[in-house]
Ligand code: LP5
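We begin with a single chain expressed as C-alpha cells, specifically the form predicted alone.
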C-alpha cells in the first residue's frame, strides 16, 4: 500500500467536475485553491477534478477555460505540496500532467497519515461493486492496452468517444437504483481489513458526510467528500461543493456557503 505522511492541516476536495460549461464552478474552485494555498500545508485532490480527461496532451494547447484552471492548480503547487488523483471521469490523468503542474500523482489507493490520523484514501468508485456494468467498464478503461489504443487516436476522435460514453452512462444511470450506485458495505469493510485502518475517505458517490460502521467488532468511519456544482443548481438552492480539513482537531467537512 502506498503511504503518504503529511503535517497538517491537510485539505481534500474531489468531484469538482470542471469543464467548458462550468464557469461558476471553476471560479469557486479557483477561489478555494487560493484559500488552500494560504491556510493548508498540503492539498489532495482524489479524482474527478475534471468532468472528462482524454489524455495529458490536451494540456499542451489547452482551451482557455482549461488553461485557467490548470494555471490555478499550478500556482497552489508552487506554494504547498499538491497531489492529483484519478477518478471515474478523469482516469487518464498521468504523470505528464502532474509533473507539468508541479504536483504529484496520487495513487488510486493510498494510506495517508496526518498527525494521529491514518486514513485509506481513494476516489471511491471501486467500492461500488453492486454496479456490475460499471465495474466491467472500469476494468476495461483501466487496461493499459485499451488506454494505449484510445490515446493513439486524434483529440477530436477522443472527444467524440468521451461524449458518447458520457451520454450512454447518463442514460444507464437513469434506470439504476440509488443503492446500486452507492458503495457496497462489504467492499468497504474488506478494504478496511486489508489496509489495517479504521478510517476511509473517498468521493464519487455525491453523498457527503460520515458513516460509522462496525468491522469485525471494531468501530470504523467512512467519510465522503462533497461533489461540486455551481452551474446547474435548482432555483432557490445554494451551489454545491466543499472540502475536508484534517488537523489536530480531527476531520471536518466544509461547504462552499459556510462563512
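Numbering follows the first chain given and starts at 1. Predicted, not measured: the structure shown is a model, and the values here were computed from it.
Absent from the display: the form predicted together with the ligand. The rest refers to it.
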Answer key, the ligand contact in the predicted complex at 4.5 Å (heavy atoms) among 116, 143, 164, 154: the residue is 164
Among 75, 96, 181, 187, just one has a heavy atom within 4.5 Å of the ligand in the predicted complex, namely 181
Out of 39-47, 201-209, 61-69, 215-223, where are the residues with a heavy atom within 4.5 Å of the ligand in the predicted complex? 201-209
How about residue 109: is it within 4.5 Å of the ligand in the predicted complex, going by heavy atoms? no
Just checking whether residue 103 would be counted as a contact of the ligand in the predicted complex - the rule being heavy atoms within 4.5 angstroms. no
If we define contact as a non-hydrogen atom of the residue within 4.5 angstroms of the partner, is residue 79 a contact of the ligand in the predicted complex? no
Close approach of residue 32 to the ligand in the predicted complex, 4.5 Å, heavy atom: no
What residues in 164-201 sit within 4.5 Å of the ligand in the predicted complex, counting heavy atoms only? 164, 165, 166, 168, 169, 172, 173, 176, 181
